[in-house]
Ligand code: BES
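This document starts with one chain, in the form predicted alone, laid out as structure tokens.
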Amino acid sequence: MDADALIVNLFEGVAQPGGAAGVVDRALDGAITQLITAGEIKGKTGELTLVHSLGKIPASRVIVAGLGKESQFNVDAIRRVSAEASRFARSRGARRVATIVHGGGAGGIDAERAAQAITEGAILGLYRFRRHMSKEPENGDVQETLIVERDEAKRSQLEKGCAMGTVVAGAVASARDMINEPANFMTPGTMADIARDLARDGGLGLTVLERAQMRELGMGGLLGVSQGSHQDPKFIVLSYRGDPGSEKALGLVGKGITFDSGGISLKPSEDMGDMKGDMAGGATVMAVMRAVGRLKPAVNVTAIVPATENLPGGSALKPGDVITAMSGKTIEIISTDAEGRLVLADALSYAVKNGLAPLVDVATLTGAVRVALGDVTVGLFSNNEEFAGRVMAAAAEAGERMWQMPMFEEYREQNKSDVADIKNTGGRYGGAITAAQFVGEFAGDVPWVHLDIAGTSLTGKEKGHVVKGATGGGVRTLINLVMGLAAAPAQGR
């Protein structure tokens, strides 16, 4: 096995490496042990140390990655170590990287899960969005990552984990690509084109409704938001039937505002460029369908993306206007910058009308959720505790942090209108909750979870498998949810 770099690991407080790291240490005449003794290697979380092999092993460099305390070690730590060590290797010019199975020894994590986490970490940690850059990167890309394991009996588990990790990470990367794309390239029409490619490649059903069809269905929310833009809105429906014997289908709804200026209720110019990412919810559910088309789970899934721009044109929606959603419910417009909930109103109405259940909507919906939870945690809202628990469990498995927020009836009072059935903002206080209450009106009694990803969809710093720009957060959670529903008994779906 020739490689430019070999990644090994060490738990904090270990005086002499064991397992695969110990084998490498002995081949290097105890170089790692000597660095531990000298205090240069401590095994702390995030610690990376480069050791030159000087021809003693087939890899020219060895990277010793700190795993932190053994008692706190988990699958997400594997993902983090794989990402950070892979980036470190790339910064040193490595093109072919080998790694031992983190967590396969003292970590006590089975080989398949470890291999999946290593694969996800490497792919996502090395992700870069350079489509619009003419200059070549200072460091080229890692071309190949090899997982090294002496136990041949674990080979099939490792291969399964790598295959799953490749699909999952590929889906997250596709969401990042869409969200990072400038809004003059990622238009509603472009999202529809990407959906066509997904349908063709994954054997998915596809329907794209145009403006005339939206009018026939009474989609006043989506049509209203689109009034100020020269770009035609698109209502994208991707469907997968993995369980033809069942009429039930999970519904995934993603907000697809390809640029949000705020409309007439114009946003401040500072950081407005980030609003190209207001279609992150739509990108998330489309990325999940990309994975579904490859994994072929035995469950039915339909993704819905209402896509449009929100701009202040001469015919744009105005504060004080009243529109009618597809469900027939009338909505008073208080702020045209609360547009995401208007397009979700039509999308959820469509989902309910077509019998989709349960439902998950994903949206960069409110700045208020970022005030409440920062950029670490997704706000989860639901009308059904059992289904909320399923989504939370899928998130925990993915290592994505979500927190369930209250949905007390008292908050609905803030959305009451004097001139229509409901108004599109409930005031300053509890803004993320009143927004969720608004969206929930259109889910009705169908089990429903709302994920407000406004605080977590973008990041300005690099940490673990998350890099600057779009995070692709939520994709892995929803893939886990789909796979979990497919594995559950039919009565549990």
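Just count from 1 along the sequence shown to find any residue number. Everything quoted here is computed from the prediction, not taken from an experiment.
In what follows, reference is made to the form predicted in complex with this ligand, a form of this protein that is not presented.
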Heavy atom of residue 366 within 4.5 Å of this ligand in the model of the complex: yes
is_contact(residue 255, this ligand) in the model of the complex, heavy atom dist at most 4.5 Å: yes
Residue 346: touches this ligand in the model of the complex, heavy atom cutoff 4.5 angstroms: no
Partner contact for residue 454 in the model of the complex: this ligand, 4.5 angstroms, heavy atom: yes
Residues 83, 143 and 176 all lining this ligand in the model of the complex, heavy atom within 4.5 Å: no
Option touching this ligand, based on a heavy atom within 4.5 Å in the model of the complex, out of 329, 211, 370, 96: 370
Listed residue that, although this ligand is not shown, lies within 4.5 Å of it in the model of the complex (heavy atoms), from 425, 53, 45, 33: 425
Answer range among 246-254, 214-222, 357-365, 108-116 for contact with this ligand, defined in the model of the complex as heavy atoms within 4.5 Å: 357-365
Any residue of 248-285 that, in the model of the complex, places a heavy atom within 4.5 Å of this ligand: 255, 260, 267, 275, 278
